[in-house]
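The chain that follows stands alone, in the form predicted on its own, written as structure tokens.
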Amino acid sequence: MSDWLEGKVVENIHWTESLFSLKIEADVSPFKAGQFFSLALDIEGEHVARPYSCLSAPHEKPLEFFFYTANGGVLSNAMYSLQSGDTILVKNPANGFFILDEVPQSRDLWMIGTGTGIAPFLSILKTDQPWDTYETVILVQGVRSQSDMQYLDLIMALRDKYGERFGFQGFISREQVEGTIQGRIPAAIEDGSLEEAVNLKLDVAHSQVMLCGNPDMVKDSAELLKARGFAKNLRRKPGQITAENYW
């Protein structure tokens, strides 16, 4: 049975005017990296709830979430103003199948996300499971501007820890920034520049691809991969593409 728990805000980190992270203390049941919790506030007499993937790993406390405020996003805009000690409702237990238990084994794991859609990937990468299962892990993040690319300290720490087994490639659509690719992720899949940048081939025989974030990116990337022989991963028919839209 699901139940709403009372959580307490530990910290609200404002990265930009529209990008923030919440750390929340809540006595939740054990969960798997990549799963989501529904969060809720009572706003003007209405219970407003929405699911969000957890960025923290299952062994970490407090829970951590990564958000954009959105035009018309009543809940995200309200959460942006929360302060330490404020109450927020957390639905227990976590849910979702965007987890490595649902992804077939292979040699390489590609985690391709946009914006805050990298949250479930960071949760997974902080566990042993991807490193016990795959030889190489590639994380790709697409954002609009350099200020939207957060958690680089964590990403660089993973690179230091796992060396050549871990690669990261950033995409920034509206700015030219050294070390990143300007443009959209699907275009770089189509012309091969993503594979060239990380020095690894997307190969049906050796690659599993997880897609998370902007629905247009997820759809366009999946279609390009399917044209190269990749297939959607289903329980009844395992494939190479596991996807989740992030809004």
Ligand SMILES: Cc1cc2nc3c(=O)[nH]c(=O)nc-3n(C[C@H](O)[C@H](O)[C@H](O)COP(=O)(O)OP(=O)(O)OC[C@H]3O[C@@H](n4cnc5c(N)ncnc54)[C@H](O)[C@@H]3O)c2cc1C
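Residues carry their position along the shown sequence, with the first being 1. In this text, all values refer to a predicted model and were calculated from it rather than measured experimentally.
Omitted here: the form predicted together with the named molecule. The next part is about that form.
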| query | finding |
| --- | --- |
| Contact segment among 114-122, 101-109, 166-174, 83-91, judged by heavy atoms lying within 4.5 Å of the named molecule in the predicted complex | 114-122 |
| Among the candidates V137, I155, L75, M149, the residue which, in the predicted complex, approaches the named molecule to within 4.5 Å (heavy atoms) | L75 |
| R50, K61, K201, K219 - the one with a heavy atom within 4.5 Å of the named molecule in the predicted complex | R50 |
| Exercise: A70 in contact with the named molecule in the predicted complex, heavy atom 4.5 Å | yes |
| is_contact(F36, the named molecule) in the predicted complex, heavy atom dist at most 4.5 Å | yes |
